[in-house]
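Take a look at this single chain in structure tokens; it is the form predicted on its own.
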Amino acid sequence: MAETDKDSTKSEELDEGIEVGVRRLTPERIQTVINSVLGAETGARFKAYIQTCIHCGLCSDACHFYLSNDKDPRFSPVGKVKQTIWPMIQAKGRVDAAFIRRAAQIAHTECNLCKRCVQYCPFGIDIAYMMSMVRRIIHKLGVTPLYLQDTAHSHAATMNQMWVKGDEWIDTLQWQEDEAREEIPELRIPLEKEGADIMYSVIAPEPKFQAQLIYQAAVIMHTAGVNWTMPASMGWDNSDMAMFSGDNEIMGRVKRAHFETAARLKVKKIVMGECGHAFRSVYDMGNRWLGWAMPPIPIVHAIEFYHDLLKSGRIRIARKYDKPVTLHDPCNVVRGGGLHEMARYVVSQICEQLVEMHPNREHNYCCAAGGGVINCGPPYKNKRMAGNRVKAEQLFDAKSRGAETLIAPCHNCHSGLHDIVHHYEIGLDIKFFGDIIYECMEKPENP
């Protein structure tokens, strides 16, 4: 563990996003930005949290970073508050550049905003919200980690996180339709269909790296007889790395484009692919920044969509997946969306055996991906793996009780768990729900 910490510290020194930003800071700018954010962008909720927290530390054992780092108090949720936002308030913004450098590292690489600590605070203090305010201050000071900032720039320039150009998006959809038609000749991926029941939206890594997931979704939609469409213009990407970086302005632009696209197509609801942070961005963050308490068009995560298709019989399973599975509960759709029992219903319908992780459901440990830590890039991978030791132990336990496949119904979780499984040599095969449904469902016979 000591060697890993040493390597990660050395790597952090190479983060140009932080180091270049810190060199540009002045005491006046630091104070102005901090006081501006605290004065204009917080309110009674933030004040109540600050005045209520008694620094008791009962939140500590809820944090996977704290548990994985030998219960070092610096990694406890309250410890992170005492090293970041609390001194900013006490000093009325008069902190130095070295303090800001450390605050950036803590907020972006030692807290994944998973909200597990909220459940164990006796007063219900939302420390993730407080740390998001630290990220907001860091963003406005220009000290965001380079990899994360680059992805936010992609959103600003292309309205998706992978620099996918408009013609590349269309080409990918046509390519996947052609592939799927070899299996089901009458299948189509309807583009720009006004008045469809569903607009299906995905995150940019799918057309960039995992186009087969669009293929699988098209087969599921066609087989279930869904009246659906996908947009041909920007607004198709439902992800939002700006939400993680604290760039609320870009977050708002991306979410507005997403909702306006659905409104232009006159769809009844948006069905999202298997991504947790994207669900959070349209259901709890971006919509609120735009002034909507709830999304203006109903949002359905893939878990709920699959649940409804299976329960209604619109999708039938030819044979259940016979390898024992364990299920990862993504923070943003379980603690943030309450979909844990729907997820287990889906498992019960498509798999022979579920080996539960312990703890599970809303008490599950975070994988340090869907809150932005993974998006800070390779410089922090060793640190992230060290902070996920308790998650690795949880996975090892499920493996020891027979699990062979790990279901991760979230893109960021899928990537984070992939790193954990390989780093700790756990030996679990990782799949999305869509992978298993496509493999096991009844499909139209090819004449």
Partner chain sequence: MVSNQSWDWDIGHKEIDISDWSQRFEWVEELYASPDGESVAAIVHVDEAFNVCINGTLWSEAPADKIWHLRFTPDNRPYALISDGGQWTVAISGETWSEGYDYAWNPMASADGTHLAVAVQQAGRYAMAVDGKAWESDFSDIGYFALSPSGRSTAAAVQVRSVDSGQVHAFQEGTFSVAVDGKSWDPMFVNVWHVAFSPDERHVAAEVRLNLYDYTIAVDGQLWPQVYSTVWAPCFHPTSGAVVAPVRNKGEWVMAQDGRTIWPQPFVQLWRQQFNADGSRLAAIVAPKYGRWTVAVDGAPWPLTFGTMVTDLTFSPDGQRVAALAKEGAKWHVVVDGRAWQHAFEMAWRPVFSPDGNAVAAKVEIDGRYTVAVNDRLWSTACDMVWEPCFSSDDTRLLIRSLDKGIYRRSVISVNKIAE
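Computed from a predicted model, the values in this text were never measured in an experiment. Positions refer to the first chain, counted from 1.
FYI, the form predicted in complex with the partner chain isn't displayed, but the following is about it.
K.L.:
Report yes if all three of Val20, His139 and Asp167 come within 4.5 Å of the partner chain in the predicted bound form by some heavy atom, otherwise no.
P.N.:
The answer is yes; Val20, His139 and Asp167 each reach the partner chain.
K.L.:
Which residue among Lys323, Lys320, Arg256, Arg316 has a heavy atom within 4.5 angstroms of the partner chain in the predicted bound form?
P.N.:
Selected residue: Arg256.
K.L.:
Of these, Ile270, Ile100, Met159, Val219, which has a heavy atom no more than 4.5 Å from the partner chain in the predicted bound form?
P.N.:
By the 4.5 Å criterion, the partner-contacting residue is Met159.
K.L.:
At 4.5 Å between heavy atoms, is Leu354 in contact with the partner chain in the predicted bound form?
P.N.:
Residue-level check for Leu354: no, no contact with the partner chain.
K.L.:
Within a 4.5 Å heavy atom cut-off, is Pro298 in contact with the partner chain in the predicted bound form?
P.N.:
The answer is yes: Pro298 has a heavy atom within 4.5 Å of the partner chain.
K.L.:
Looking at the partner-bound form in the predicted bound form, is Gln174 within 4.5 Å of the partner chain by any heavy atom?
P.N.:
Contact with the partner chain, yes.
K.L.:
Is there a heavy atom of Lys266 no more than 4.5 Å from a heavy atom of the partner chain in the predicted bound form?
P.N.:
Yes, Lys266 sits close enough to the partner chain in the predicted bound form that at least one of its heavy atoms falls within 4.5 Å.
K.L.:
Since the chain is shown here on its own, which stretch among 282-290, 306-314, 346-354, 372-380 would lie within 4.5 Å of the partner chain in the predicted bound form, judged by heavy atoms?
P.N.:
Partner-contacting stretch among the options: 282-290.
K.L.:
Of 173-203, which residues get within 4.5 Å of the partner chain in the predicted bound form if you count heavy atoms?
P.N.:
The stretch 173-203, when checked against the partner chain in the predicted bound form, contributes Gln174, Glu177, Arg181, Pro185, Glu186, Arg188, Leu191, Glu192, Lys193, Glu194, Gly195 at the 4.5 Å heavy-atom cut-off.
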